[in-house]
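First comes one chain, alone, set out as structure tokens in the form predicted on its own.
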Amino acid sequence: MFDLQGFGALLLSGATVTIQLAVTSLIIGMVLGLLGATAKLSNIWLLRKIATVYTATMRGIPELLLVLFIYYGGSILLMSILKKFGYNDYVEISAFWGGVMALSIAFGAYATEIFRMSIQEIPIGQQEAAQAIGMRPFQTFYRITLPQVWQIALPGLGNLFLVLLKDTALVSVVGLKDIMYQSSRAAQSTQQPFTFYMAAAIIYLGLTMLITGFMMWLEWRANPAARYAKKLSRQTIQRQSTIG
């Protein structure tokens, strides 16, 4: 039942593409999320409205439609722009970068709300104290706000990344050779869909477990108080065992 009939290498190559797509979308999406959160908390009315429209729109559109819209609509838009400069050949956005743009935009919309709530959790007195000692706004954000935002937002971002990893399967509809594309190809060639879709599910599950473990480690690293408490508890137990 689990004989891959020589298609194991294709599934592994698809897993590599899936990881590259997920990580690239995560990085760009986090940047969009930070920018969106900053805009939502800005004193400038126009920035707040743009960020609000962005999050409301992107969270209301299914990711699959977003992938199709950017992949096909982006090519049409790009060709219309290039025609104005005398270039009339067909231009197509690559499936990978079309998927990255779609998933990054969707991830950024959700990350915006996580970052916004995380920033609002930080007492305003810390920013006022930073201003009182002469720190510039960027210094305040980088040295005071961002480290605490990272600690607060990390669990939510970890959950979003797990969702993002599974959403990468949607990009296979535009021809990206990820796990789903390769497993579908193998299933059609061998007429054994259960075997290869089960293999794809196992790969996704394995990646999810790895990411979950990594996120737990990041949360531990981002919480020095918890590390110190654990170290102190371990030292107390050692002293008690020595005394006993």
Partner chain sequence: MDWNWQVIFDHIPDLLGGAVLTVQLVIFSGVIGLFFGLVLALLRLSKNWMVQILPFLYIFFFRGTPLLVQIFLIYYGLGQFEAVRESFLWEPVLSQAYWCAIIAFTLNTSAYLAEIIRGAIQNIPVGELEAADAIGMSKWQKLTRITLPRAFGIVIPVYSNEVIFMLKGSALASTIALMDITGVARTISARTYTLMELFFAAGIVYLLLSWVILFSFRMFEKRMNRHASYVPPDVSTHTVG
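Numbering follows the first chain given and starts at 1. All of these numbers come straight from a predicted model, not from anything done at the bench.
The same protein also has a form predicted in complex with the partner chain, omitted here; what follows describes it.
**Student:** Of these, 111 to 119, 139 to 147, 89 to 97, 169 to 177, which stretch puts a heavy atom within 4.5 angstroms of the partner chain in the model of the complex?
**Tutor:** Contact criterion met by 169 to 177 only.
**Student:** Is L47 close to the partner chain in the model of the complex, meaning a heavy atom pair under 4.5 Å apart or at it?
**Tutor:** Result no; L47 lies far from the partner chain in the model of the complex.
**Student:** Looking at the partner-bound form in the model of the complex, is V31 within 4.5 Å of the partner chain by any heavy atom?
**Tutor:** Taking the distances in the model of the complex, the answer for V31 is no, it never comes within 4.5 Å of the partner chain.
**Student:** Indicate whether the partner chain has at least one heavy atom within 4.5 Å of a heavy atom of A132 in the model of the complex.
**Tutor:** Outside the cut-off, so no.
**Student:** Is L82 a contact residue for the partner chain in the model of the complex, using a 4.5 Å heavy atom cut-off?
**Tutor:** Looking in the model of the complex, residue contacts with the partner chain do not include L82, since no heavy atom lies within 4.5 Å.
**Student:** Can you tell me which residues in 61 to 79 come within 4.5 angstroms of the partner chain in the model of the complex, by heavy atoms?
**Tutor:** Read in sequence order, the residues that approach the partner chain (within 4.5 Å, in the model of the complex) are I61, P62, E63, L64, L65, L68, F69, Y72, G73, I76, L77.
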